[in-house]
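Included below are structure tokens for two forms of one protein chain, each presented in isolation as structure 1 and structure 2.
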Structure 1
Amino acid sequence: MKIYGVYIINRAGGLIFSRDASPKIEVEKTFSYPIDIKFKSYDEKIVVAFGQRDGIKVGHVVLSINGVDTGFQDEGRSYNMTKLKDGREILKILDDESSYPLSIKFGRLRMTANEKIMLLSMFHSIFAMSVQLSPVPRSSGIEVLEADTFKLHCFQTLTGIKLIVITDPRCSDMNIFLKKLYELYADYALKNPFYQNDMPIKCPLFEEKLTQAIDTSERISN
């Protein structure tokens, strides 16, 4: 079974390790005027707001128009995906009848580093809430979270570190992998003399061993 992501969060909810292997989702299509998709500008991106078709989903971001990529850098600071590389505004191009036919490439954006930090700290508090809201005494936090497209497995160590693995929704048991991950964390991150507790893990040996563990786990379950 495919492992899409591995995350480690510390006791305070800070992300100290992340590995992301989500697939690239991109669709390119040629449109004539008038275009039957509604767009909106959201968080410096042009997002599909309405009109799912041919693999283009609500939430997809405009990645390029006629082969010109989006993303505009202002004096090397802000990264604005509402404009093309050459500085033209996307919404204006889409409204302008004379610019058609247009070949637009859509895609699902991967999480940025900031987004990962935000989402995983969100999980940290949801985890605490699930203990509070338990209808039974002495419950742990979330161990397995299911959604239609993935399954999240979480293992909290006695010291409060959370090890999180995101897999295929059909994957049933990740306990062996989580234990293995804990072992690797203890052996290669904590025993590294240059590693400071609760700080991001940047140990090449740990990453190498983790890649091996992921390969083994994916091979066994297939």
Structure 2
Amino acid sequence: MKIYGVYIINRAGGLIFSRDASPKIEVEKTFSYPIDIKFKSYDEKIVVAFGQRDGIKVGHVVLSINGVDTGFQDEGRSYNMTKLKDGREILKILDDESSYPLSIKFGRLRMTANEKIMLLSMFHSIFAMSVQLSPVPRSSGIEVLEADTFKLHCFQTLTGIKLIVITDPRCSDMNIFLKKLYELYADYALKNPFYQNDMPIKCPLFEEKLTQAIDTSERISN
């Protein structure tokens, strides 16, 4: 069992703690012309839009072509991944028959801080919707979400704080770990005289104890 991420959301839906341990997924394949994968430019990255195959998934980002990494610093612009480091535009290379064969490396990038804030704020809203949609009063809301590549486990405290853990799909029960996470939050965040409720958690001791708890949980489950 692998824990990919731990997140804590405050009562207003704001992200106050995140710890990522997502696996680095990279796939490299050699292609001839015409390539049977559809690409699009999104958020200054070239991503797979259609044509999953051989471990390449929709949403994977082009990381390099023929050993040349993506990422070019345009003059007066921010760093972007729609070009290779030598300045060549990736989509033009992919459309040019004379460029082939091409060895393309794909991967899944970790979320940026802004992406995590946005997505977890959306989950906060979906959680509230699930409570309202329940045919039974006093629903506990979303406790587990299952996908083919991960599971999301959620525990909401009596004060409305949401503790979220992302694991691999083989994990069946995270109740013990979620309770341990709540204990750590109570002991090392709430009892910290310098911590203000609903504010970002910046406590080295909390992070140290959380790392120990994750290591223990993964070791016991393996």
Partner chain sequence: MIFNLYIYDRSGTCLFYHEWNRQKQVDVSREEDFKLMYGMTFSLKSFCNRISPTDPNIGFTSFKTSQYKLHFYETPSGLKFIMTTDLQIQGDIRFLMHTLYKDVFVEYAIRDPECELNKPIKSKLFSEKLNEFIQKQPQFGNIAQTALSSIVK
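Throughout, residue numbering runs from 1 along the sequence of structure 1. Superpose the two forms; the largest set of C-alphas matching within 1.5 Å is the rigid core. Here the structure is a predicted model, which means the values were calculated and not measured.
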* **Structure number of the form predicted in complex with its partner chain** => 1
* To do: Look at I142 and decide if its Cα position differs by 2 Å or more between structures 1 and 2 after superposing on the rigid core.
  => no
* **Core-superposed comparison between structures 1 and 2, G160 Cα displacement 2 Å or beyond** => no
* **Rigid core superposition, S121 Cα moves 2 angstroms or more between structures 1 and 2** => no
* **Rigid-core-superposed Cα shift at L102 between structures 1 and 2, Å** => 5.8
* Would you look up how far the C-alpha of K40 moves between structures 1 and 2 when the rigid core is overlaid, in angstrom? => 2.3
